[in-house]
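Two versions of one and the same chain are coming, encoded as C-alpha cells; call them structure 1 and structure 2.
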Structure 1
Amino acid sequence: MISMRGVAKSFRGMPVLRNVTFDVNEGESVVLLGRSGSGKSVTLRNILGIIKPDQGKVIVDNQNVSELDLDELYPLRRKIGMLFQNAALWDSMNVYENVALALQHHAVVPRREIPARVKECLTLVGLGEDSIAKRMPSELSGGMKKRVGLARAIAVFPKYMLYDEPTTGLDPIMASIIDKLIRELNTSLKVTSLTITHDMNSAFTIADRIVMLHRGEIIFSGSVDEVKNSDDPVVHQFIHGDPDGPIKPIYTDHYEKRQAHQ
C-alpha cells in the first residue's frame, strides 16, 4: 500500500501540497488528476523519497519514507518501477542495455538469465523483435521509447508502479496502446499503480479509482463512473476542459499569495 497522511510541502514559502491524504491499496490502479502546478509531480517525489514533506507521513510498503536514510531507502526504491514522462532512456545505450541495466546493477536475476528477462519484458510491451533490442534511443519513435521505458520499469519485478504522464506527446492510437499496456500489466503482474496524467481518456481507461488534486489539496476520490457523474464544479470543469469555471489561472490562486500551511 501507498499512503499519504496529512502531507504538506512548500518551496520558498510557497505551498504546493496542503494536508494531502489518500491511499493506493494493494493491487489497485489509482490515477491522480490535477492541472499543471497542482502538486502531482511533488507527490511522486515524496513517494520516492527524493524530497521530504514538511508535515505528515508518506508510507510505502509499511515504511515511513521520510524517516529512512539512503541505505534504507534504496531497498524500498527497488520495489518501485517508474515510467518517466520522457522515458529517460540512456542515449549511449541500446534498447537491450537500457532494459538490462537495473537487472545488472541490482542482481535481481542471475547474470545468465538477464538476456531472457530482457526479451520477456520487451515482448510484454510489444517490442520482442531482436532487431529492436539493438537499436539506439535516437532510432526509436516516441511511443517506442515509452514502451522501452515501461519494459525497463517492470524488469526488476516491482511491487509498485509509478507513471508520470505516460501518454504525453503521443498520438491517440499510440496513447491507447500505452493505456492498454498499463492496464494489462497491472492485472497480469498484480502490481499497485499510481499514475499522474492530464489525459482524461487515459485516466478513464487505466483507473480503478481517480483522485483529484486542486490547489494542493485532495478534493475528490471516486470511481470512473463517480467522476463522470460528479456535480462538483471543479471536477466537472476539469474533465470537460471548460475554459470558464472555478479553476482560475495559476497566477491568481493561493500559490501566488504564498499562504502558509494551515
Structure 2
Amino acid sequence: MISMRGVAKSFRGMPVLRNVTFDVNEGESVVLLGRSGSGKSVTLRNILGIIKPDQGKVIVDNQNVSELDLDELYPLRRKIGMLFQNAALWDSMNVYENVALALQHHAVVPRREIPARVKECLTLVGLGEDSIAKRMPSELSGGMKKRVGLARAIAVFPKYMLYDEPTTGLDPIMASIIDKLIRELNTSLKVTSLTITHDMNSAFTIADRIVMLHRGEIIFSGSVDEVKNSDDPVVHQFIHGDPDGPIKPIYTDHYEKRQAHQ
C-alpha cells in the first residue's frame, strides 16, 4: 500500500504540495489527475524518496520513506517501478542495454535468461523486433522512448508501478495498447498502480479509483462513475476540458503566488 498523509513540499518558498493525503490500496489502480504544474510528478518523486517532503508522511509497503537512509531505500525501491514523464532513458546505452541493466545489476533473473526477459518486455510494449533492440535512444521517437522506459520499469517485476503520463505522445492505437497493458499488469499480476494522465479515456480504462490534485491538495477521490457524475465544479471542468469554470486558464496557482510574492 502507498499512503501519503498531509504531505507538503515547497521549492524556493513556493508551495507545490500543501496537504496531500491519499492511499493506493494493495492491488488497486489509482489515477491521479491535475493540471500541468500542479505537482503530480513531485508527488511521485516523494513516493520514491527522490525528494523528501517538508511535512507529512509517505508510507510505502509499511515503511516511512522519508525516514529511510539509502541502504534501506534501495531495497524498497526495487519493489517500485517508475515510468518517467520524459522516459529518462540512458542515452549512452542502446534499447537492449537500457532494459537489461537492472536485471544484470540485481541478478533479477539468471544471467542466461536476461535476453529472453528483455525481449519479452519489449514485445509487451510493441517493440519486439530485433532491429529496435540495437537502436540508441536518440534514434527513437518520443513515443518509442516512452515504451522502452515502460519495458525497463516492468522488467524487474515490480510490486508497485508509478506511471507518469504513459500515453502522452503515443498514437491512439498504441495508447490503448499501453492502457490495456497497464490494466493487465494490475489485474493479472496484481501490480498496485498509480498513474498520472491527462487522457480521460485512458483514465477511465485504467482506474479503479480517480483522485484529483488541485492547489496542492487532493480535492476529490472516487470511482470512474463518481468522477463522471461529479458535480464538483473543478472536477467537472477538468474532465470535460471546459475553458470556463473555477480553474482559470492563465492565472494558475503559481502565477498568483509569484505575483503576491513580488
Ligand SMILES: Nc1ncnc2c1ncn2[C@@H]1O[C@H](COP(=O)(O)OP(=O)(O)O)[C@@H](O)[C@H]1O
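Residue positions are counted from 1 along structure 1's sequence. Take the two forms, find the largest set of C-alpha atoms that superpose within 1.5 Å, and that set is the rigid core. Note that the structure is a prediction, hence the values are computed from the model and not measured.
### Task
Specify the structure that is the form predicted alone; exactly one of the two qualifies.
The chain shown first - structure 1 - is the form that fits the description.
### Message
Of Gly37, Ile80, Asn186, Val234, which is at the hinge where one rigid part rotates against the other between structures 1 and 2?
### Response
Of Gly37, Ile80, Asn186, Val234, the hinge residue is Ile80.
### Message
If the larger rigid part is held fixed, by how many degrees has the smaller part turned between structures 1 and 2?
### Response
Smaller part versus larger part, rotation angle: 12 degrees.
### Task
Align on the rigid core first, then pass along the CA displacement of Tyr96 between structures 1 and 2 in angstrom.
Displacement of the alpha carbon, after core fit: 3.4 Å.
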